[in-house]
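The data below hold one chain only, encoded as structure tokens and taken in the form predicted on its own.
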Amino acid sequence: MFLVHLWNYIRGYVIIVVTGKSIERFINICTKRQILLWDIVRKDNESAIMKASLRGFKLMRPAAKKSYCRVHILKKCGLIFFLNRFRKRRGLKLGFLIFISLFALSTSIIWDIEITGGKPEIAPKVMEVLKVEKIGRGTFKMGLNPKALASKIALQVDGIAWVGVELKGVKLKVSIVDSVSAPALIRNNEPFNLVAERDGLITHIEVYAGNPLVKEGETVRKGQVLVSGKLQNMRPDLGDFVVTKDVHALGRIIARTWYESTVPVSTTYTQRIRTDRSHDTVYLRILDWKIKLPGKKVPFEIKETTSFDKMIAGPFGLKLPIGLTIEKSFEIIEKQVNLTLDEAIRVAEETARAELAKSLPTDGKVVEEKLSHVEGEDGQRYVKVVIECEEDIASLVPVIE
């Protein structure tokens, strides 16, 4: 029933009053001629109120004439009459036209790009491919071929096994599956040596292929051959003739290594202090474009800056690509601080450990740390930190004939 009323409202209808002594005959004639009448209410002996479609109202004049009845319109109802009220309001029409145009424009461009799956370092590479293809937030969806774009990403970005590109409304979704690295192809007929990457004391040897040239407990130097890729065998049947065979040396050579850092002890320390003063630089952000809003320049010579976005949230949790980017700058002052000797030594130790942490191997094991204080020829005091590790120092190097 609701759908019937809705359909009548969309098409439009009229509420009419029929007067005369033969109202029943008028209704019968309209029924025979398939003129739809509904919601008929008898008002008195010579009048009745009813509803009729616009088409039916135009066709009921012969029926009214034949039944000696008169028909008057009480009210015009429906969408067509509602819209007819605004036909002379040009501003409303223009506004409605602009609204429809903006709505069509907003649904025909890409608002957001979502990259799912894959390693974190792959996402920037995918964005670079999209940038080269001139695809980003604000790009029109028309003419975009997801399959062709997926093929280009797979060809230009290493480490991807499969790529899927899909347009979901105003979002471009890129799904990535990482590829499994193929094992290194080893050719046994190509001679390779295992060479020491750095100085060390050998604690353990595992040789899978090749001729070991060192033993456990020996000290080796950087660049020294540990396992040779040339095997030599004595052939008694050939008169003690030496037979040489080229192989690809393989193995693990674990050695104790040492990392050293020496930092001078200084009782004067430059301390960076953040003050209470700050300055905001505001940008209007639309899609991937940023427009700097009028404002004063940052008045600080030394500063620390952080930025954050304030995006407009739409209905149903939708993030609209319009908002503000605020860069907050904090004033930094440098102050010379006089330290006690104990404080200066502690700062030097922390600095030395931080420097060593940058050079320590990721797969190594820290065995021992030695800390000592030394004095230079000029009387300057130093903190010396030595870290002892266990690591695999073997590196593959091709044999040069």
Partner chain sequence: MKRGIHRIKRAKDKENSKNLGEKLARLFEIPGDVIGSRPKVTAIGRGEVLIENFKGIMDFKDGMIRINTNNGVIKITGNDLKIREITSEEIIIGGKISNIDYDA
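This structure is a prediction, so every number in the text was calculated from the model and none was measured. Numbering follows the first chain given and starts at 1.
FYI, the form predicted in complex with the partner chain isn't displayed, but the following is about it.
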- Message: Suppose contact means a heavy atom within 4.5 Å; in the predicted bound form, does that hold for all of H5, I27 and D39 with the partner chain?
- Response: yes
- Message: Just to confirm, with a 4.5 Å cut-off on non-hydrogen atoms, which of T31, N338, S372, S359 contacts the partner chain in the predicted bound form?
- Response: T31
- Message: Please identify, from 57-65, 359-367, 40-48, 329-337, the stretch that has a heavy atom within 4.5 Å of the partner chain in the predicted bound form.
- Response: 40-48
